[in-house]
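Just the one chain here, the form predicted alone, laid out as structure tokens.
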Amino acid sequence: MNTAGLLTLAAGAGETFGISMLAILLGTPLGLLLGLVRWARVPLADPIVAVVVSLLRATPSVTLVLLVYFALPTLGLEIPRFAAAVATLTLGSMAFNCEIWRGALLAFPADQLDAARACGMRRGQRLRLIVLPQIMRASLPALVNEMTLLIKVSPAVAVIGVVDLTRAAVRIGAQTYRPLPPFLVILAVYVVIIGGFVLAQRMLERRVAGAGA
């Protein structure tokens, strides 16, 4: 593969990584917020969140990105391709992360909350000092798994013209009539990116285990 092809793949890798990281950085805390709403059974908000999350989880990424990119302009909201891609992956990440956080919250020992109340701790203190540190540790493997899945579905954004890593490889293969080399390269790139997330997870788990010892 020539230098131009490698530069094209590098640009595609940067696009994929940028979109995916923004979606992760936005989707993870938003999912936590929705998970807290469902855990606390906030009136009116809880059933709305449940319906929205269920719909987002059931919608394929390709369909969702097409809806975001083509439906919003009909409502008077023009959105660039990059922003549409980030919004789509963020919505999907948010929905799946909501259920991860909610599951951890539902499994949280109620006796610890009762003890904190007996000690006079306010709700915000209980959440910040007792609940969140523990559910973050418990949710870490599932959250990392969701992050890796998000990266794997990121090629869906290519349907609206975003030149991500996979689309760049397809273009190079079509131009050179040699599709195998660029796809071997992007396979290696995905392995490195996802391996980095898994390595970070293991390092965090070891650090947490060491802190708790």
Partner chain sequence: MNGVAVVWEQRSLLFDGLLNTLWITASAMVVAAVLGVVLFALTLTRLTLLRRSLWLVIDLLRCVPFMLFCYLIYYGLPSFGIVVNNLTAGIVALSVYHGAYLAELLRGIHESLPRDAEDAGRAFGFHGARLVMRIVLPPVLLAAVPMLGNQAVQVIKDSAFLVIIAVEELTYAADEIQATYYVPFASFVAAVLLYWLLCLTVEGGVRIVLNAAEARR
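Note that the rigid core is defined as the largest set of C-alphas that superpose within 1.5 Å between two forms. Being a predicted model, the structure only gives us computed values, none of them experimental. Numbering follows the first chain given and starts at 1.
The next section is about a form of this same protein that is not shown, the form predicted together with the partner chain.
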Subject >> the partner chain in the predicted complex reached by all of V51, T59 and A156, non-hydrogen atom within 4.5 Å >> reply: yes
**OP:** Consider I194 of the chain shown here, and say whether it contacts the partner chain in the predicted complex, taking contact as heavy atoms within 4.5 Å.
**Re:** yes
**OP:** Flag T28 as yes or no: does it have a non-hydrogen atom within 4.5 angstroms of any non-hydrogen atom of the partner chain in the predicted complex?
**Re:** no
Original post:
Is L184 close enough to touch the partner chain in the predicted complex, meaning at least one heavy atom pair within 4.5 Å?
Top reply: yes
Original post:
Heavy atom to heavy atom, is L55 within 4.5 Å of the partner chain in the predicted complex?
Top reply: yes
**OP:** Heavy atoms, 4.5 Å, the partner chain in the predicted complex: which of 105 to 113, 136 to 144, 74 to 82, 123 to 131 makes the cut? Say which one.
**Re:** 74 to 82
Subject >> The unique member of L67, L36, A45, V163 whose heavy atoms fall within 4.5 Å of the partner chain in the predicted complex >> reply: L67
Subject >> Neighbours of the partner chain in the predicted complex among 166 to 180 [non-hydrogen atom within 4.5 angstroms] >> reply: T166, V170, P179, L180
**OP:** Tell me, please, whether between this form and the one not shown the C-alpha of I48 is shifted by 2 Å or more, with the rigid core used for superposition.
**Re:** no
Original post:
After the core is matched up, is the C-alpha of G196 off by 2 Å or more between this form and the one not shown?
Top reply: yes
Original post:
Superposing on the rigid core, do we see a C-alpha displacement of 2 Å or more at A58 between this form and the one not shown?
Top reply: no
